[in-house]
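The chain that follows stands alone, in the form predicted on its own, written as structure tokens.
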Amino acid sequence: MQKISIHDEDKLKEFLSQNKIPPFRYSQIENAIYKNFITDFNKIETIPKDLREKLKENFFYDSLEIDMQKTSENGQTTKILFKTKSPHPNPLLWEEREQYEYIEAVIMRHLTGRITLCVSCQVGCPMWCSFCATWKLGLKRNLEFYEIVEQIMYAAKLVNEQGGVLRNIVYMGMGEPMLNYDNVKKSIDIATAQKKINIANRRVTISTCWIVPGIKKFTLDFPQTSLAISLHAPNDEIRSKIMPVDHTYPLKDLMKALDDYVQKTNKRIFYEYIMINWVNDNIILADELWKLLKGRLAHVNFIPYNPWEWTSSDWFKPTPRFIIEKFQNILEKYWVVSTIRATMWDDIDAACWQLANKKD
């Protein structure tokens, strides 16, 4: 019999029922896992020994292993490289081997005391955004919901051991969340459940390349959860050159879906705008940007471009700070709120769009 993740509440409750185990035992197991961070069935002392043995035989805690963990020099950021096993894709090999897949998560400790985790939802990414390191991996597969939860649990336990509390989760790591919607949804449900990880819904943010059907489902399922849009250009012409998704979901379709989201949730949307010199930082685009967003509940995050491995010196370059500030000043003039995101973790290749399973 194939073992089941201990995070699968439905399967665990079904197992307890089939074995005529009282329902209150689930609450004890749940408390041990999510509140006490116990990761060994033998150490759940609130349940009988025979139940512990049954759990060991039928369930598992971790499908991920820690391959590498690295903290930035200033101590603010920790990048975690997780390893997961899967069957080798080529059955014609003369001997049976194992292939390891890798995903990354990043813990960010802000100077305000807020601690945020950036999680991955896919192995690789299918979006082919030209400024992002993850695209070179391609898409290998979607992560299961429990693989996303395991990232969160590991980070929450680590932060707890260091005397802190994980307060925020952003789905901004490897992968496009809206293309793995069901597993992302289930992971959010676990992360925000009061008796489980207990992250407030408003402290969870989903970042998408504007997959319109996913945004529509998200609006209905998570009215309290925050939404971030990878915008990066105020028109289809420029955006389609750096983000192929624009050909499928043009700007007019996106803005309609976002207007519906705001109407139903009354929540501000975060628009991410990576600043790439001579690509999307012409000052004329600042005028297009404020015209696009004026009157909408919007907050623009200007993000300095972070070079990554294999970036050519003749290819993308960061926009100078003074030009980013000019963009910000123009938006401020027309009452469009914006910030310039501080880059504090590029020394360990953990900054935005640098996640590419690099080990050193």
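Note that this is a predicted model, so its numbers are computed, not measured. Numbers follow the displayed sequence, beginning with 1.
Another form exists, predicted in complex with S-adenosyl-L-homocysteine; not displayed. Remarks below refer to it.
In summary, among the residues I274, A105, L289, I169, the only one with a non-hydrogen atom within 4.5 Å of S-adenosyl-L-homocysteine in the predicted complex is I274. The contact residue chosen from I242, I215, C132, I190 relative to S-adenosyl-L-homocysteine in the predicted complex is C132, the criterion being a non-hydrogen atom within 4.5 angstroms. In the predicted complex, Y305 approaches S-adenosyl-L-homocysteine with a heavy atom inside 4.5 Å. Within this chain, H232 lines the site of S-adenosyl-L-homocysteine in the predicted complex, having a heavy atom no more than 4.5 Å away.
S-adenosyl-L-homocysteine is not drawn, but in the predicted complex it has a heavy atom within 4.5 Å of C209. Residues within 4.5 angstroms of S-adenosyl-L-homocysteine in the predicted complex, judged by any non-hydrogen atom, belong to 224-232 and to none of the other stretches in 161-169, 190-198, 224-232, 253-261. With contact defined as any non-hydrogen atom lying within 4.5 angstroms of S-adenosyl-L-homocysteine in the predicted complex, the contacting residues in 142-178 are Y171, M172, G173, G175, E176, P177, given in sequence order.
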